[in-house]
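Next up is one chain by itself, shown in structure tokens, the form predicted alone.
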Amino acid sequence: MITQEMTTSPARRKLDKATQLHSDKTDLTLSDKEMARVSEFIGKHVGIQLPATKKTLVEGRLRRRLRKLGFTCFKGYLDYVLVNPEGENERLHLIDVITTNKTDFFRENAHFEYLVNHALAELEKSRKNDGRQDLKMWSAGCSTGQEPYTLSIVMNEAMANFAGMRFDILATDISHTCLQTGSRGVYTEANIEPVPMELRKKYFLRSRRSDDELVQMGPELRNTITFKSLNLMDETFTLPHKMDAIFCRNVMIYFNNEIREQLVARFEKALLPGGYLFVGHSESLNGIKTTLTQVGPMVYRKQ
């Protein structure tokens, strides 16, 4: 006879034992002490600040994870993830659910307009003078991929005005779930609503099923983007090459000033001379030590 114990994986049996210690009490309310544990872990490993005002958000996101794994209280889950060596793999899921942020196609569109109308001519001049084949761009903190796909659309459209221009985009994020979504390049009709209809027809592929409201990014976009896992807090992170433009928008708002300054210094080092850094409209570099010069609304250039 095959019993349930025999058919359950060793990893699952370990998880069941971890949750069993707390199975007599169900409490899916995040206490201040448990919130502090989550905040300390995320701050140390990701750099994101989680003030007490974010407790409801954190509780809601983690509660779904607890239910999926069968935990009946936050203490049991956090003990398993942060203390028990067997819960080390779950740490990536904890980071995923906390750090996944909302994003949209053509978000803060003024930046893409500045790129096309002002920056591209200068970048193309530098590329030709250096004898380089491609413009190199980086979407740092790309979330589920809407920003790098928007950047690819804009660059593809601009190629008509710049003969011989080629480009590639590096898209990075700490969330493996977000990177999987971006790599697939499949979104709902609601997701692509900000994209003008003429661009949808040109670059998106619709499902053959009329009742399927899913759209896939076309090869002209997917072939220009490389998705890669990268933690911006890692002081030793390396890039395959220096960049002409870096988009890191609505990411640094979660960091304190010390971390922001360190990150801007890394971006500055990663930029080619004359390269551009685009940050979110609420992420001014005022008060941060940098040699980057502001040349537009939340647009900075390496001289």
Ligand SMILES: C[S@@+](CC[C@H](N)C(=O)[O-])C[C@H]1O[C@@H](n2cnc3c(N)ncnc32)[C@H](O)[C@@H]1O
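From 1 onward, residues are counted along the sequence shown. Note that the structure is predicted; figures quoted are calculated from it, not measured.
The form predicted in complex with this ligand exists for this protein as well; it is not shown, and the discussion that follows is about that form.
A single residue from the set 215, 119, 221, 174 has any heavy atom within 4.5 angstroms of this ligand in the predicted bound form; that residue is 174. Checking 30, 48, 38, 270 against this ligand in the predicted bound form, a heavy atom within 4.5 Å turns up for just one residue: 48. Contact annotation: residue 191 falls outside 4.5 Å of this ligand in the predicted bound form, judged by heavy atom distances. The closest heavy atom approach of residue 103 to this ligand in the predicted bound form falls within 4.5 Å. Looking at residue 73, you'd find every heavy atom of it more than 4.5 angstroms from this ligand in the predicted bound form. Using a 4.5 Å cutoff between non-hydrogen atoms, residue 58 does not count as a contact of this ligand in the predicted bound form. Contact with this ligand, judged by heavy atoms within 4.5 Å in the predicted bound form, is confined among 30 to 38, 61 to 69, 251 to 259, 238 to 246 to 251 to 259. Interface residues of 218 to 238, taken as those with a heavy atom within 4.5 Å of this ligand in the predicted bound form (partner not displayed): 230, 231, 232, 233, in sequence order.
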